[in-house]
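For this one, two forms of the same chain are given in structure tokens, first as structure 1 and then as structure 2.
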Structure 1
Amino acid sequence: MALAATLDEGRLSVFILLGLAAMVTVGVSLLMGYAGQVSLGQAAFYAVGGYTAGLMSVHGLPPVLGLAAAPLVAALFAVVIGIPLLRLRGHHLAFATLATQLILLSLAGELEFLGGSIGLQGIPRFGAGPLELGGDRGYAFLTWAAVAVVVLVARNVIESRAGRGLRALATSEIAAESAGVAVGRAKLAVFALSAAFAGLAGGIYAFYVGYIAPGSFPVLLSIEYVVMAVVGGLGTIWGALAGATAIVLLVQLLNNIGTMEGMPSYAPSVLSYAVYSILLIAAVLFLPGGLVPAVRDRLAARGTKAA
């Protein structure tokens, strides 16, 4: 929050996008780290939140109401599709979530009330009553206030009785079930919670950019969230934040390189795919637990030696 007050205007947009990515990645980290479910379609819930907030606002409803509805509708959508999808495991579930995103984007491109392939335009700025966020600094405060809420909710869930069941589920599904954990219900709850986080981020994104279209939520975005969660450390809130920070800054660097004079128009996306692949492989090979657990273990080892 302090950075939102001190960063110059030119860097605030990156700071806002970082906060939005962090919200989604916290959900992905919970889903993959605790429930052991791989989602390659998390950007679908980001899109649901964005379209919900945008659609309600362009039809005259208060932006506050649109932003409040964004995570709720995304979570409800996750429950509806999660009941059949979560019967799948491993790569079958990953491909099913990926297919869900592709189907959703195809529908959004065909439905006129969602703006079709042109997209939903004229989304008003976010505001409450006479107050309206006019610049990036206001959106930076809004975004990072939402990040704080997401972190607080995730932390409370992990520390709760349900969270203890999730930790048992992360260790062994069979052992958790034999210990009385309602495995199916727990998976569905984490799936819906991660979708709600993504929906909230999508709602803020819609108000921030004022325009959304199916092209705003590419498949690459879902892969990006998975890479962020894996690189930072699955099942850790701080790992999600660290992974999101590292990848967003790297993406900005790749965009700068890819848009340099003489580079082809497809260079930014090609560079992104290549770097994501390299990072994912490197993380699995050399940092299987992720950045934050690796740093934490190294500090603990130093403390033990010093003692």
Structure 2
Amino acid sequence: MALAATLDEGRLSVFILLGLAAMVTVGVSLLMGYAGQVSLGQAAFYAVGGYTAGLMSVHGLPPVLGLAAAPLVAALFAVVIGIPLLRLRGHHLAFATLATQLILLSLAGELEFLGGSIGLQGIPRFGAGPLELGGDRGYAFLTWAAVAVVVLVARNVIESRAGRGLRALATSEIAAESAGVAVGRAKLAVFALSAAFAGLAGGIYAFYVGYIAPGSFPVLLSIEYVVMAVVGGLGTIWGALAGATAIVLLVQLLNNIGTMEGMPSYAPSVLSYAVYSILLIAAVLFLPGGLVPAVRDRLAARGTKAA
């Protein structure tokens, strides 16, 4: 939050996008780490949130209402598709979520009232009553306030009784079920929660950019969230934040290098694809727990040695 006030204008846009990515990643991390489910379609919920907020405010409803509706509609959508889809496990669910996103994007490109493939334009800036959020600084505050809410909610869920049930679920569904965890309902709840986080981020994104189209939510975006969650460490909130930060900053740095003079025009995209993939592969092979747990364990080991 302090950074939102101190960073200079040029850096703020990266800071905002980082916050948005972090929100979605916390949800992915919960879903993968606690409910043991892989979603390759998380950007679909981001899109639902974005379109909800965008559509409502384009039609003249107050932006606050749009932003409040974004996570709700995303969660509702998750519940509706989750009831059949969550019967699937492992790679089946991974492909099913990917398929959902592809269907959604294709539909959004077809439907007139969503603007078709051209998308929704002229989404008003976010504001409440007479107040209107103008510059990037305001959006930075809004984004990171939302990140704080997301982290708080996620923490409370994990520490609650339901959270313990979820952890049991990740290890063995059958054991959890026999211990009295309502498996189906718990999975659906995490799915909906992660969708709500993504929807909230999507809503803010729509107001911030002022323009959304099916092309704003590619499949690669969903995969980015998985990379961030895996690199940071599944099932840890700080891991999700660390993973999102590490990757957004790294990609930004490489973008700067890639757009320097004398670099070929394809350099930025090649560099970012390479970063995502190499980090993902390296993390799965050599740091299965992820960044944050690995560092924590090392610190703990050093602590015991010193004592």
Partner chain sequence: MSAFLSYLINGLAVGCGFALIGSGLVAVHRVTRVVNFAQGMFAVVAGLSAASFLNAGLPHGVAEVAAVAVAVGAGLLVGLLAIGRRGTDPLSALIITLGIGILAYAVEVMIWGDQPRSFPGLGGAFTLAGATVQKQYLLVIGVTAVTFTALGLFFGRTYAGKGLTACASNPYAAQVIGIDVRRMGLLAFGLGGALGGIAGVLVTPLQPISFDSEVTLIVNGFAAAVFGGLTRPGAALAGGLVLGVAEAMVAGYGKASYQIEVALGLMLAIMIWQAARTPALQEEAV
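Residues are numbered by position in structure 1's sequence, first residue being 1. All of these numbers come straight from a predicted model, not from anything done at the bench. Under this definition, the rigid core comprises the largest set of C-alpha atoms superposing within 1.5 Å between the forms.
The form predicted alone corresponds to structure 1; structure 2 is the other form. Core-superposed comparison between structure 1 and structure 2: the C-alpha position of residue 245 differs by less than 2 Å. Once the core is aligned between structure 1 and structure 2, the alpha carbon position of residue 255 differs by 2.7 Å; this is the C-alpha shift at that site.
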